[in-house]
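As structure tokens, one chain now follows by itself in the form predicted on its own.
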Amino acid sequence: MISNKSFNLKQSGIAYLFLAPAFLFIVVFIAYPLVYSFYLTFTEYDFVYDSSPRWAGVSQYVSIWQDKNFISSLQNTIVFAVLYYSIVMVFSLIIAFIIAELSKGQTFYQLAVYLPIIVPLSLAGVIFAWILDPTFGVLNHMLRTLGFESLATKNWLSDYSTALPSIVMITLWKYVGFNVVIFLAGIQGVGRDILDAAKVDGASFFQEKILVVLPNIKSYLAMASLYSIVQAIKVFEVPYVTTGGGPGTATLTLYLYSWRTAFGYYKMGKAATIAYITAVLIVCFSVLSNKFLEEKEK
């Protein structure tokens, strides 16, 4: 007769056997790259000419601040993140409020707003590079038709003043639907009795949305906020496809500069340092966002 101890050990062994592939995947493809890339930030390593990384201590973290391209990419990333985050949160909330008020066709409008999320960012960049083309682009043609001749000749992606905002709008078109769906789920979960009580107390439409609905969808705001921050700071595909970081360094972002440093200049230690600084930036923005939402909750 098999004892309970032997039976439990056998069950544990079977469980570990089933968990082994997932554990192996995490170790090989997540844990090891994280540890090794963090080690690279303390080295100087030219992937082409060096046989192995050379220990350099914290010199990468010190010298990176003397790199003008890094400073430009950091500034561009912060400006992009602030612009994108502010617009996507407000704009998606407005769209969600409008759709929630519709008595018919909610499913259609949800689907219409969400559809761009299935388009790869690289393809979205190619599409908008054509739309924003100064010669035969759809946008300039529409502006010319409407009589805005001064704007109809603008090269949106090659002009230093409009290149980064254009990247923001392309990314906004791609991701706004995701936030709308999240906010709609939260808005539709607010009880009708709460809204009816607010109306009885004389709350206007805007007071109802700001003072009643928003405090009741804090968890949805936090979820969309974190997602938007991550998407904003790790922007890569759109500037890579549309501008290549130009004109000059106007749309050079941290992710794009990290990729260029690694696979263009083969400076793996410096590229890893940029990547980890980007990760720290994501954490900082996420903490600030959570603090803001906590204050609103209090």
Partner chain sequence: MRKKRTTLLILYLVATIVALVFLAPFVWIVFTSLKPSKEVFSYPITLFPRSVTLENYEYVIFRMSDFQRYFWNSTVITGVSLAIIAISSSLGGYALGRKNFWGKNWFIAFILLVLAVPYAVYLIPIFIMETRLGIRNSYLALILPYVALNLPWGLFIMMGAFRGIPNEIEDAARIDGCSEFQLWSKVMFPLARPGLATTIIITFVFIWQEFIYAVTLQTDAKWKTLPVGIVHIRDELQSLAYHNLSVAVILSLLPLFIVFIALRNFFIKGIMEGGLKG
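None of the values given here were measured: they were computed from a predicted structure. Numbering follows the first chain given and starts at 1.
Unshown form predicted together with the partner chain; subsequent notes refer to it.
- Figure note: of the listed segments 190 to 198, 159 to 167, 216 to 224, 73 to 81, the one touching the partner chain in the model of the complex, with heavy atoms no more than 4.5 Å away, is 216 to 224.
- The single contact residue among 40, 250, 64, 56, judged by any heavy atom lying within 4.5 Å of the partner chain in the model of the complex, is 40.
- Of the heavy atoms in residue 265, none are within 4.5 Å of the partner chain in the model of the complex.
- The partner chain is not drawn, but in the model of the complex it has no heavy atom within 4.5 Å of residue 86.
- Proximity of residue 176 to the partner chain in the model of the complex falls within the 4.5 Å heavy atom cutoff.
- Using a 4.5 angstroms limit between non-hydrogen atoms, residue 271 touches the partner chain in the model of the complex.
- For the partner-free chain shown, 176, 178, 181, 182, 185 of 175 to 196 come within 4.5 angstroms of the partner chain in the model of the complex, judged by any non-hydrogen atom.
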